[in-house]
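So this first bit is one chain, no partners, the form predicted on its own, shown in structure tokens.
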């Protein structure tokens, strides 16, 4: 009997130790690269395009006017704390990434910035909440990642202080498995459309989730609900399904759908309403060239068609 009790105690103790280690273990990480990115006009310009258009960094990190249609960016990189109505697992902040050395990332090394973008590790060694799409940015080419850092180095300082992200248990433990080092050089992409879809985080918004995890078999089928203030919008089905997705849309119509928003760059934006509210970065993506949008369209048309009827603007 004593042996049984001792065995149980040892078993329970081992489980407790294993659980304790699982909770306190650090995420996988490598030291930040010892690198200073090139600050040439060409590199900074490429980084600006990546920041503003391809990755739409200000979609989360910028201060935006949510009272206007398309929620235009007011200040770049100033940071944003996501509202509770979005239903995130805790208090989530897209931090200030301006060049301010205290409130922002001005004191970070270029290697630390690269590591955060592509590997999901903060300067203090913590795992970043994977709403920051570093799992996709692992595939960002070395050239583009360094260009993005070069542009970040030029962002005007913003002194905005935001609360630190605090993720609820057990998600706070589970996300430690998300970061991973980028161990090999990442070349320029072979499929430009696939690259732009991944860098733009299309699947992150257009795939419905259950408890924060993408629902298998629903990739790009839309239906993810977003709530900001009094407004609600649902992501569209962008799979090639003929009835409920983009299966009937021609490449020319797809390109026009984005380029039509270029006129909004030149005119005052109307007030946001439930009918027109969106978090889709139409203003940013309207700056894509026809060639880039065509590549995105052709990649999306090669994906699995999934029937999922979505009402993008539900009745208030």
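Numbering follows the first chain given and starts at 1. Just so you know, these numbers come straight off a predicted model, no measurement behind them.
Although it is not shown, the form predicted in complex with heme C is what the next lines describe.
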Of these, 158, 132, 71, 182, which has a heavy atom no more than 4.5 Å from heme C in the predicted complex? 132
Of 208, 79, 200, 240, the one that lies within 4.5 Å of heme C in the predicted complex (heavy atoms): 200
Of these, 109 to 117, 183 to 191, 71 to 79, 209 to 217, which stretch puts a heavy atom within 4.5 angstroms of heme C in the predicted complex? 109 to 117
So in the predicted complex, does residue 306 come within 4.5 Å of heme C, heavy atom to heavy atom? no
If you check in the predicted complex, is residue 126 within 4.5 Å of heme C, heavy atoms only? yes
Can you check whether residue 148 is within 4.5 Å of heme C in the predicted complex, heavy atom basis? yes
Give a yes or no for residue 136: in the predicted complex, does one of its heavy atoms lie within 4.5 Å of a heavy atom belonging to heme C? no
Need the contact residues for 282 to 314: heavy atom within 4.5 Å of heme C in the predicted complex, sequence order, or none if there are none. 282, 285, 296, 300, 312, 313
